[in-house]
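Just the one chain here, the form predicted alone, laid out as structure tokens.
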């Protein structure tokens, strides 16, 4: 079998951050629906969580390209 197995690995590992981002914003929507006055505080926490989850995906694709080059 030829090809880059690292890219397939990244495709599988991208499922984790995708699910994580979905859970972050689902919790944010539930929190705002229950307490609309806490929207500002919850929004900053949700954006921070999104950034951290997305950073994992970006780190994963960087590693996929590094290992695909070998």
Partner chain sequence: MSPALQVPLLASGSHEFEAPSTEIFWQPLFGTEGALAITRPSILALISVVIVVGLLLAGTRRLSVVPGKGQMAVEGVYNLVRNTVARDIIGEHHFRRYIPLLFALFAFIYVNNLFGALPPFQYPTMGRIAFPIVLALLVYVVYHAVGISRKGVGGYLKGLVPSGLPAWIVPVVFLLEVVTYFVTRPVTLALRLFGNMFAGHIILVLFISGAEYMLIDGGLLLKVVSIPTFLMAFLMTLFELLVQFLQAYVFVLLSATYIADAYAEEH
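This is a predicted model, so every value here is computed, not measured. Residue numbers count along the first chain shown, from 1.
Below: the form predicted in complex with the partner chain, not depicted.
* How about residue 44: is it within 4.5 Å of the partner chain in the predicted complex, going by heavy atoms? -> Yes, residue 44 is a contact residue.
* Going by a heavy atom distance of 4.5 Å, is residue 24 a contact of the partner chain in the predicted complex? -> Output for residue 24 is no: heavy atoms all beyond 4.5 Å of the partner chain.
* Flag residue 14 as yes or no: does it have a non-hydrogen atom within 4.5 angstroms of any non-hydrogen atom of the partner chain in the predicted complex? => Outside the cut-off, so no.
* Asked: Within a 4.5 Å heavy atom cut-off, is residue 62 in contact with the partner chain in the predicted complex?
  -> Heavy-atom contact with the partner chain at 4.5 Å: present for residue 62.
* Residues within 4.5 Å of the partner chain in the predicted complex, restricted to 48-63 and counted by heavy atom -> The stretch 48-63, when checked against the partner chain in the predicted complex, contributes 48, 50, 51, 52, 54, 55, 58, 59, 61, 62 at the 4.5 Å heavy-atom cut-off.
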